[in-house]
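Presented as structure tokens, the chain that follows is alone, the form predicted on its own.
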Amino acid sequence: MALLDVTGVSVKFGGNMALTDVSLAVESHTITGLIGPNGAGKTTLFNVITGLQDPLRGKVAMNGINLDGFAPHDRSQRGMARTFQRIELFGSLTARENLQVGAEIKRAWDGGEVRAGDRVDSAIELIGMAPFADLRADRLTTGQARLVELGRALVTRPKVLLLDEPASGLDADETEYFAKILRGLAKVGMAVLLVEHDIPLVMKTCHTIYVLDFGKVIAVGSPAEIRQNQLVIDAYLGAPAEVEA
């Protein structure tokens, strides 16, 4: 059984179907990619998974439990965390203090079972934030800010981690470092679902890739299979030579 199961999800906005019968599965110890053109429905699917958007039909289950009716904070309580496309940090707080905010909220939900400071220290060590942990967030580079956002998700100790374009604005070295972190998270048992337009990053890190186009899954497979899939090439990737890992 997959840690995260999405089955037959459809979403309608007005007269338009944003998602139609979308299903995917994310296993622990794996990184699963979700790619497709802008407007394909990727963020809408993330919103359904995290409880921000009610589906017209379909269900989301985590660890075998149907999450229908669970609010976003309830899903977080059960081990789900998410980052967003747009960086949203408290600029007047340090990187460490931004993580502390998330950790204190999680500690309150958990009844204080784990010290917030321990969660923060663990996340800082895990993603290599120590060199800039005490800098104000509004003085961080884009790459550093992206890591802080990731760290803020990790202080909740998630089982399922959803990342919405986390490599946006990163240079080549920062992207490679980020890929290394993702592999480490999967190695320790996390189930990672990654939405990303950096196709080389997706091809190098993901075990399985789902491709959305016009709200429908048009392909599922390994990076090698997706790279050669004609439907995907026509809808999104372009010539195979353009997407080599």
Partner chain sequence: MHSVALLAQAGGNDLFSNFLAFTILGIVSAAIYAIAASGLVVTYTTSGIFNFAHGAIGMMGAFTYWQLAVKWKWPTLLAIAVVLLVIAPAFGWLIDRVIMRGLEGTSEVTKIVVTIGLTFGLIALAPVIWSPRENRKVQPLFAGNKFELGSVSITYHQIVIIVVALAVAVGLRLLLYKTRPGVSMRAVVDSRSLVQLNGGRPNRSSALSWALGCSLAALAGILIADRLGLEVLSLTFLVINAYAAAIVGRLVSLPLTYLGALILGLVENYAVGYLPTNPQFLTDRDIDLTTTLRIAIPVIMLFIVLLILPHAPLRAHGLQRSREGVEKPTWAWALVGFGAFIVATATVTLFLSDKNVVSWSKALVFALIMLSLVPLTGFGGQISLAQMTFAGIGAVTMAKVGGESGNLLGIVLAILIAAAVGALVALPALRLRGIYLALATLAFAFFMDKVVFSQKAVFENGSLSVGRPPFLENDRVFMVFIAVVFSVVGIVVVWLRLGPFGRRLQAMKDSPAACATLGLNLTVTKLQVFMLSAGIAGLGGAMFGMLQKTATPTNFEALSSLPILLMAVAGGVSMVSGALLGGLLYGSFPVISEAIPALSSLLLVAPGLIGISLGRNPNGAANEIGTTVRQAIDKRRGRIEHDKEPSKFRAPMEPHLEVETLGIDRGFGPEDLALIDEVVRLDEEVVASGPP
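In this text the structure is predicted, and so the values were computed from the model without any measurement. Positions refer to the first chain, counted from 1. What we label the rigid core is the largest C-alpha set whose atoms superpose within 1.5 Å from one form to the other.
Keep in mind that the form predicted in complex with its partner chain is not shown, yet the notes after this line are about it.
Contact flag, A167 vs its partner chain in the model of the complex, heavy atom cut 4.5 Å: Flag for A167 set to no.
Residue contact check: I127 to its partner chain in the model of the complex, 4.5 Å heavy atom: Taking the distances in the model of the complex, the answer for I127 is yes, it comes within 4.5 Å of its partner chain.
Y177 within 4.5 Å of its partner chain in the model of the complex, heavy atoms: Residue-level check for Y177: yes, a contact with its partner chain.
Residue contact check: T50 to its partner chain in the model of the complex, 4.5 Å heavy atom: Answer yes; at least one heavy atom of T50 falls within 4.5 Å of its partner chain in the model of the complex.
Sequence-ordered list of residues in 181-205 near its partner chain in the model of the complex, where near means a heavy atom within 4.5 Å: The stretch touches the partner through I181, G184, L185, K187, V188, G189, M190.
CA of R82, rigid core aligned, shift of 2 Å or more between the shown form and the other one: Shift at R82: below 2 Å after core fit.
Yes/no, G169 Cα shift of 2 Å or more between the shown form and the other one with rigid core fixed: For G169, whose C-alpha is compared between the shown form and the other one after core superposition, the shift is less than 2 Å.
Pair L126/N63, Cα separation in the model of the complex versus the displayed form, closer or farther by 3 angstroms or more: Result: farther.
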